[in-house]
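The chain below stands alone, shown as structure tokens; this is the form predicted on its own.
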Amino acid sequence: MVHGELWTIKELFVYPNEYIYWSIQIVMYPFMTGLVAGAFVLSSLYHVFGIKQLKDMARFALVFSFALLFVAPIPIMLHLQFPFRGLEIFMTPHFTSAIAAFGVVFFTYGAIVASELWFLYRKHFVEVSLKLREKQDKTLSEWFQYLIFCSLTLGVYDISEEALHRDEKAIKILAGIGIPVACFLHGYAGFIFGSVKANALWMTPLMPVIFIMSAVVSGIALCMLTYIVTMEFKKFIASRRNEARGAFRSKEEIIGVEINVIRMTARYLVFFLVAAISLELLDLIFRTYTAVKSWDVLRSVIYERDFYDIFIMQYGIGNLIPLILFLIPGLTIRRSVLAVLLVIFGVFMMRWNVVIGGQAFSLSFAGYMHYHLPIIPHDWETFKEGLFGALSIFIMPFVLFWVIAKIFPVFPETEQTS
């Protein structure tokens, strides 16, 4: 059976070899890489530009970006019929192809994030390893922690004021270098789509910029959502644990920190959201005005067949409503949760409309194809290219974040009492 035949429905005149080849995993691919870039840009707002109100969020976003980094290439690996061939772009990197260049950019960005995390948590590694070294009669778990944290120190135990100052300078330099690398990491996904001359919907020079802006929006929104959930969990623990132990801050203090950080982060989210909406509308207006040869079929897709997905789901529910929720004075936690959920949904719909909508019309310009997402899997193909495959990809970074946060504590009080 031809790949794509299971979920493609043809209408009118469509070439026999045309199917929806790029399915939900190719939607998840730019979506997940966008979350990586957006989370890193959010962390750099403090490390590079010195916005002190975002200090807690910056540490949180950097660790979360590192967790997302491992998941970013998995969707495209699952989509490949021979996934081990995907390793070739990492083993033989070169710049003759946009896909092959991903190997170089991915490893470069990963090295930057890992180095920045090491400088940021080096003092924590040294303190924990020295504390465990002095402890007598260590348990098997403590011996295991001791080996891990001793290895993470890389043999550098100098935590004097001068050494920590050098660490801060290194973090700032790495964050500054990482911003363009993170943007390029996701911008190349837009470049791949924008350089496809055979597809009229994708071929636009604005595609990389639109992808970058929406990536920053989605990354900030997901970090805000995860931060709120984590702080709410800490609030729940604080209400049931003896505060005299000093392991957690009081419930009222957590609430104050939480709302202040969320309100400050929301300001930057609104700024990037407005920029992303403006670029997408500019591209749509430009296409309408120029009305190239393929505009007739594009107009039927944009304003008729995909009108609900584009103008109702993406622009209405995913862009306009959260923008209004953020702009209403007196932002609350509940309103923030609703707004960021809608923002994430809007960015996902943008990726969906680009990937799936770009394949909705035949190259004959006289037929259409409809994509039906496999819901209930009956084999491996319908699982990985269906709803459960996409949900697995989306859940994976949260599990990794929970594991990584055991080594890189995202809150100061956790670092002090590890």
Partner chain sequence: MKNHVLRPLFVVMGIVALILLARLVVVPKDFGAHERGYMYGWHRKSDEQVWKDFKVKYQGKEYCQGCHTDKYDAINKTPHKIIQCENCHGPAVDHPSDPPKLEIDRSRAQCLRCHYPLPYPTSGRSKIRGIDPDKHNPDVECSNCHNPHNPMGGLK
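Quick caveat, the model's predicted, so the values are computed rather than measured. Residue numbers count along the first chain shown, from 1.
Only in words, not in the display: the form predicted together with its partner chain, which the text now covers.
- Contact annotation: its partner chain lies within 4.5 Å of heavy atoms from the stretch 108 to 116 in the predicted bound form, the single such stretch among 108 to 116, 334 to 342, 138 to 146, 318 to 326.
- This chain appears without its partner; in the predicted bound form, the one residue of M313, V181, A170, L130 with a heavy atom within 4.5 Å of its partner chain is A170.
- Not displayed here, its partner chain is approached by E162 to within 4.5 Å at the level of heavy atoms in the predicted bound form.
- Interface membership of F90, defined by any non-hydrogen atom within 4.5 Å of its partner chain in the predicted bound form, is confirmed.
- Its partner chain is not shown here, but in the predicted bound form it comes within 4.5 Å of a heavy atom of V156.
- Contact annotation: R166 falls within 4.5 Å of its partner chain in the predicted bound form, judged by heavy atom distances.
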